[in-house]
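The chain below stands alone and is given in structure tokens; this is the form predicted alone.
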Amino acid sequence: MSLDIAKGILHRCFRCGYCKFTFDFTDFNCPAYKKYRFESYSSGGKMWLIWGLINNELKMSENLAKILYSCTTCGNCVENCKFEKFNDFWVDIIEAARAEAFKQGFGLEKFKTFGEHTAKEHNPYLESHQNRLDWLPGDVKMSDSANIAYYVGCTASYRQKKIAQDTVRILNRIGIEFQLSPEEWCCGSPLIRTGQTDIALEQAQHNVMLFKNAGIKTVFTSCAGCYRTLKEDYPRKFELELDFEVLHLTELLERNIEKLEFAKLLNKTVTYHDPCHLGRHANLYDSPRVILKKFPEINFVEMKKNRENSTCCGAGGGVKSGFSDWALEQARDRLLEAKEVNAEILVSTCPFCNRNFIDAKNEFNIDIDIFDLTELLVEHMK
């Protein structure tokens, strides 16, 4: 979306304030407003600032760009917005404004660095592209003729490697043949969220052609951010035609749930965190819960804020990179929500969420175990 298109939508927001608070007005709904307690940082406030930019009543500045970037783009505001045909565009408008900030030279320096590196090495972690599959265990079996591809993503390839390793081990255990490609590039999500759309488009075009040339019919991810980007952003933002189905790993496993056999009981109280890109952004809530409830003897509980009303982990929208202390504060709050329901284990299905929760657990000394669903499966499956 361009800001020119946004202009025809923005006037529908008259700053009622519902985006800032939960439905019962007992808690904050917007992470940025909760942190800064100033109207400009709320979703409605940002819309008003962007309206000022479009109408040349304001000029882009470092302070204005900071406000635009002080948002996890979690989409919780969308759930509370009362205006249909407007609330679908909240996140798109924020991202369009960030693209304009970047175009005018006001992107945060950290974002510029990982954008430049992604253009060169196809990942935002300042790693070498040739090391992308270094995580792959030597005993894992793959098939060059499979029409299913595992899109690993940058975080699982370079940082949360155990999630990638456990994912392929699960597939081997249940007999699903798949391909991997050392030539996958960054999905583009970190670039889209921070306004670097030209580089993101280059990455996206490469990935789509890669899958097409390999004859892939189904692409699955173990990362919520990659899932949302491939499934939603590629066709909608970049108008790329997908010749393949996009699934999250949990959807693939749900389709094969009869093959999940367990050797160990999970006799603990477990709760699930909905990643924003999987839940609110893509409306995928049930598959992870169906799989969790398959564990023998599990005591599954929901946190007070769950599904479309889940609290953001704090890592999205560039916040983990640009505002790391605030990202940890948000993760801490979510861990405390899990503790309120006496959960012993917090499970998620996103490497970003997993990393931020572990960092917050260590930073604030919170007694709770953090697992990606893949890790929990490998530990308990036959």
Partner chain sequence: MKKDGIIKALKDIVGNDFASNEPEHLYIYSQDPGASLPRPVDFVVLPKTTEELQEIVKLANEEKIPITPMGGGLTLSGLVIPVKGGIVIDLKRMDQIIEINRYSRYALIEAGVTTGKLLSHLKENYPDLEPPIPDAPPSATVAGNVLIHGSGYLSQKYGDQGAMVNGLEVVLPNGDNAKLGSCALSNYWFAKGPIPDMIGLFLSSFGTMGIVTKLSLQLQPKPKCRDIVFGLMKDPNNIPELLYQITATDLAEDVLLGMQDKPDWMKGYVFVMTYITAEKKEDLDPQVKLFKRLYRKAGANYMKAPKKMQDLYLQKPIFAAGAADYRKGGGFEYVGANMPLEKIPEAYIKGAEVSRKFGIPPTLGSRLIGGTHNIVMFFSYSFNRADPDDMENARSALEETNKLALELGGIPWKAELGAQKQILKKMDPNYKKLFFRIRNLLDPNGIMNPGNWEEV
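Just so it is clear, the model here is predicted, and its values are computed rather than measured. Positions refer to the first chain, counted from 1.
Although not depicted, the form predicted together with its partner chain is the subject of the following passage.
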- Task: Flag residue 33 as yes or no: does it have a non-hydrogen atom within 4.5 angstroms of any non-hydrogen atom of its partner chain in the predicted complex?
- Result: yes
- Task: Give a yes/no on whether residue 360 approaches its partner chain to within 4.5 Å in the predicted complex, heavy atoms considered.
- Result: no
- Task: Answer yes if any heavy atom of residue 323 is within 4.5 Å of a heavy atom of its partner chain in the predicted complex; otherwise answer no.
- Result: no
- Message: Does any part of residue 255 reach within 4.5 Å of its partner chain in the predicted complex? Heavy atoms only, please.
- Response: no
- Segment assignment from 63-71, 315-323, 350-358, 331-339: heavy atom within 4.5 Å of its partner chain in the predicted complex: 63-71
- Thinking of 40, 45 and 83 as the candidate spot, does its partner chain come within 4.5 Å of a heavy atom on all of them in the predicted complex? yes
